[in-house]
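For reference, the chain that follows is the form predicted on its own, supplied as structure tokens.
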């Protein structure tokens, strides 16, 4: 951590939020020779969603927009350890989407067509092949399974350590326990940020504050779609290796994988009102346990080691809000992330390019901040999340 109490008086870019999104962006800006980058976070190291996620890296979804973006991010994960100079512990073990209902099986058939159009390696598994990929699965419950062999998992702590080290090696000033209390604007443009009585002048500001994104935008008097949402995860006691790839049980809105030390980690989503609490919730724990026990019967006797919650910022269509904010010159946003861990390498690369060159990559364009005002939401039917009505 940066122990100096003295903040710089000005910066080329200030990023609010030092989770994986903020660090990925800072690293990519530094690669593009941007100097004087300051990253500020009100919380502690890995205290937000970047330290509380399920660590799954999914390289394709059911819509072309999500698939192109996350396929690019997944490819970046493959070489991320080399690029950062630190081991992010990415494991290319595959990712299997499991359908129980016939309607979900039809969704996977449509998803396969999207993947073929996007040149993604994925396969609908035959019953025989599925038994080899997931032998412990309750196969009698399954109507279809789509497998992504090039996806996998990466522990959040390893990626965060590698990003932070790489940022600091390139001169990025990263500070935790540093809360932005006010943001200045002048003549319709960003002008600086305040931390209590200390000010940093800047004309480029990025909001990457996770669940606090809407509140941060409110400091500037600009609108930002979305709301905080709580996600929960569970870890079971270590057991022998039963599950090879990462798994999404689409009809249970449940995701899971098994770590190298044998813990099964994942969670199921239960529809609830938006809230800020980090307290674990019994209905979510019960839904996760039920999904595990019914789809992987050998887990019935496993004890729950821990259950935890994290807060994310969710947009109206559950997709990221990525790019320049139309309401204020110099303001950029990386928010709306429900798959922010998986999408961080691509988000950092593409947003840095947009900030430095002004060119918006097509893989990022669909997730523009103002897409709802323009009537252009991105419909993604293959996410593992509960919609609050």
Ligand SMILES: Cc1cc2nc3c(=O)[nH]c(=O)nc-3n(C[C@H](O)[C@H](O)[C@H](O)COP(=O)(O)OP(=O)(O)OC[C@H]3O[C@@H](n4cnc5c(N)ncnc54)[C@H](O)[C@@H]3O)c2cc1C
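This one's a predicted model, so the numbers in the text were calculated from it and none came from an experiment. Residue numbers count along the first chain shown, from 1.
The protein also exists as the form predicted together with the ligand; that form is not presented, and the subsequent description refers to it.
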Select from the listed residues 29, 342, 60, 333 the one whose heavy atoms reach within 4.5 Å of the ligand in the predicted complex.
-> 342
Within 4.5 Å of the ligand in the predicted complex, heavy atoms considered, which of 151, 258, 212, 288?
-> 212
Does residue 50 reach the ligand in the predicted complex, with heavy atoms at most 4.5 Å apart?
-> yes
For residue 55, is any heavy atom within 4.5 Å of the ligand in the predicted complex, or not?
-> yes
The ligand contact at residue 364 in the predicted complex, heavy atom, 4.5 Å | no
Verify the contact flag for residue 104: yes if a non-hydrogen atom of it lies within 4.5 Å of a non-hydrogen atom of the ligand in the predicted complex, no if not.
-> no
Of 29 to 37, 316 to 324, 350 to 358, 333 to 341, the segment with heavy atoms within 4.5 Å of the ligand in the predicted complex is residues 333 to 341
Report whether all of 17, 180 and 233 sit within 4.5 Å of the ligand in the predicted complex, measuring from non-hydrogen atoms.
-> yes
For 24 to 44: residues with a non-hydrogen atom within 4.5 angstroms of the ligand in the predicted complex?
-> 40, 41, 42, 43
